[in-house]
Ligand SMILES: NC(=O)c1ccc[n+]([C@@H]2O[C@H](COP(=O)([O-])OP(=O)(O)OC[C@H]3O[C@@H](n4cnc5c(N)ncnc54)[C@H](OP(=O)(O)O)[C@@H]3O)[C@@H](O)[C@H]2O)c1
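Take a look at this single chain, the form predicted alone, given in structure tokens.
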Amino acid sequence: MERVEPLTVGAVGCSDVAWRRTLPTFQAHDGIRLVCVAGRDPDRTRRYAERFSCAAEHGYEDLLRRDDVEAVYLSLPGALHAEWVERSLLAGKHVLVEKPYAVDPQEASRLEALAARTGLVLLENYAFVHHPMHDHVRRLVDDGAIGEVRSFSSAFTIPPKPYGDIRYHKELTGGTLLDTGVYPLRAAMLMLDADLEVHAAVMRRERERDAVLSGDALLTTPSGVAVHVEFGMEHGYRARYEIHGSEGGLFVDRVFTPPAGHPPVVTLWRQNHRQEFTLEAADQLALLVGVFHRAVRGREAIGTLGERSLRLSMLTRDVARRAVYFDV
């Protein structure tokens, strides 16, 4: 078997998701070698470096100047993503970036063009799309298990965060649309594989911090399939989608952030029939890291993932423009 050299990665940003999920996944992956981490706070950066047995850089530019870093993982506040994606690409680094990689379609289009021009991989971290459960659902739909698709609905809601949480800072692209709202929108794109048009949206906005706390949006496909998405950070936890057809429906829970050891359950119902499919557990983040590694090494193309990131950026813009806002 051909031996592929490990991909050397530098982490820009000492985020909570990097600490809990991404950097441990890098450590466990045979194809990744974490070289260094860069942050603004020297003590925090040093703590990350010690835990993950790598070097500490106290400036993002210092990390980008390192010859031993081939790729960058960005987990900065959302408002800083586009700037540092661009700087990383211009420094000759491949980029894996937390969502959103851009706050508007113009930025997204510019970054996609830069990645294409430089021949570098730019991948946004929507790990859930790589989980095999969605392929299973798609096969059931394609095989006619629920007849013709009539509607799709999805929700991603979480409990409130502490008052000072970054998600409430508008200047750092805070608010729930770009935090939780993008997930059900991306799920609709994944499962329906069609262009979506936004028709209406309603969002609750906190007056004091000017942050969107929750929202609903109604969309359609060109063939008239209705799409309803719900999102928010003032709810109980939900992460699910449902597909309804002319002869039945499908329901899947915990679709966006399932633990690596969680076996997904797909529920199929038709008239007087109900059936559950318990699937094998999968580590969706490890699968995404594998896609990134193979893409950088030229062993696998990322296909339409970049195009879909751009389309998602357009959808979130349209939801924000169409929305009626209620201040609370």
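Numbering starts at 1 and follows the sequence shown. What you are looking at is a predicted structure, and each value in this text was computed from that prediction instead of being measured.
Below: the form predicted together with the named molecule, not depicted.
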Looking at the partner-bound form in the model of the complex, is residue 39 within 4.5 Å of the named molecule by any heavy atom? yes
So in the model of the complex, does residue 183 come within 4.5 Å of the named molecule, heavy atom to heavy atom? yes
Please determine whether residue 16 contacts the named molecule in the model of the complex, using a 4.5 Å cut-off between heavy atoms. yes
Mark residue 78 yes when one of its heavy atoms lies within 4.5 Å of a heavy atom of the named molecule in the model of the complex, and no otherwise. yes
Please pick out the stretch from 224 to 232, 210 to 218, 190 to 198, 92 to 100 that is in contact with the named molecule in the model of the complex, where contact means heavy atoms within 4.5 Å. 92 to 100
Considering non-hydrogen atoms and a 4.5 Å limit, which listed residue (149, 145, 166, 120) is close to the named molecule in the model of the complex? 166
Exactly one of 270, 51, 44, 65 comes within 4.5 Å of the named molecule in the model of the complex through a heavy atom, and that residue is 44
